[in-house]
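Only one chain is given next, in structure tokens, and it is the form predicted alone.
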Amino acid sequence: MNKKIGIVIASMVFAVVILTLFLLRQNPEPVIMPLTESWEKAVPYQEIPEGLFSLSAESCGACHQQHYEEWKTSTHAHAWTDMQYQAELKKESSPYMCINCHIPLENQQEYIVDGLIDGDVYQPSRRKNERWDMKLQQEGITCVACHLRGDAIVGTIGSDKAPHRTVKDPEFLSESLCISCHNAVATITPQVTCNFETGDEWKQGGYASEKNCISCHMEEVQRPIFPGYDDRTSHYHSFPGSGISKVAGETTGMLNGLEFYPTEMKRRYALGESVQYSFSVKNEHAGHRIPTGDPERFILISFTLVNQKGELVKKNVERIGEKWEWHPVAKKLGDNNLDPKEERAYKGGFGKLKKGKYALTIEVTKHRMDEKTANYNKLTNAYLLFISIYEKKYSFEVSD
């Protein structure tokens, strides 16, 4: 009897082994592919330096008060909470690595990604981050994202009076740090592409030997590094850019690289005479193309003619920006962004008008995205889509 039981058990064990081998052959162990690109990985975990009790921007602001107040108005401060970004993040097509520019420190990320299962960007091999700081995550591109490495606060000048250890490293805090996020170009999948080329535009645009990101977006200023200290060289930390606020009712800094050159119109036109206009726009100040960054940004130049009753007679609209097709495959369809120092003239007309008084308005608006994209992403009316950056009005009369 025992011999029979033994035979049965041995047979069962043998069957389990065979089944296991069969399943392993059918479902081999996944291969974890290492992360090789810089943008695939977060900045390694940073400890709180001696002399500090927190890594939060608010904590930094206890001493660096002006820097903190400036940062709070910046788009950096909203890099994680931005409504558009959060809408994109929720899509099934959004790969994990997008967060590495918006919350770059491992401290800010809920999970640590060690590699990709079978090299698939939609299957990151990740584990729970036991030291995740949720508050720090909400701060997006926060102070320590740029200024903390190792056990010290990195600066361009250094100080022996700070309560924490400091390291002087102007090279680390040069445009190379900015470009690490603002020049992300990669095709993740046929449907997902990252096309932020500001760094390349700057290198190729004719200004690289004259100025860099910091020259324009972090203007130099003489002031105390914190209250009670003497004035010294510092930089504004509001990082002005497009000027389109990410929070309703909040004002963010704007750098307008454009200059506008309208041609004066006549005050009176003869009946039967064609009414013409000319308007030039020049990328006079930006070291990169305009628009830059997010390929969905664009600029509209509107020429609107109304009669003396305020009724629309005609409207001409010119568009500056890229055009993309996102489905079924991401593909750029067109690109007429303005290169650095490029000037472009827009000439048009309204033909022969009837007798009467007219008003022509030329308006230039910056747009984060079009309304169709905003509706697709379910963005509310509280999300600012565009701002006006230039307006000029002409009044004229057509008579015998």
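Counting begins at 1, following the sequence as shown. Quantities reported herein were computed from a predicted structural model and do not represent experimental measurements.
Just so you know, the form predicted in complex with a small molecule exists too; it's not on screen, but the next bit is about it.
> Here the chain is shown alone; which of P124, G321, G293, G205 has a heavy atom within 4.5 Å of the small molecule in the predicted complex?
Going through each option in turn, the one that passes is G293.
> Just one of F303, F279, Y269, F196 has a heavy atom within 4.5 Å of the small molecule in the predicted complex. Which one?
Selected residue: F196.
> Kindly indicate whether Y261, V275 and G356 are, all three, within 4.5 angstroms of the small molecule in the predicted complex, using heavy atoms.
Looking in the predicted complex, the three residues Y261, V275 and G356 all stay beyond 4.5 Å of the small molecule (heavy atoms).
> Would you please decide whether D82 lies within 4.5 angstroms of the small molecule in the predicted complex, comparing each non-hydrogen atom pair?
Because a heavy atom of D82 falls inside 4.5 Å of the small molecule in the predicted complex, the answer is yes.
> Does P163 reach the small molecule in the predicted complex if we count a contact as any heavy atom within 4.5 Å?
P163: contacts the small molecule in the predicted complex.
> Flag G115 as yes or no: does it have a non-hydrogen atom within 4.5 angstroms of any non-hydrogen atom of the small molecule in the predicted complex?
Contact check for G115: no, nothing within 4.5 Å of the small molecule in the predicted complex.
> Consider N129 of the chain shown here, and say whether it contacts the small molecule in the predicted complex, taking contact as heavy atoms within 4.5 Å.
N129 lies outside the contact set for the small molecule.
> Which of 240-248, 326-334, 313-321, 261-269 has heavy atoms within 4.5 Å of the small molecule in the predicted complex?
It is 240-248 that comes within 4.5 Å of the partner.
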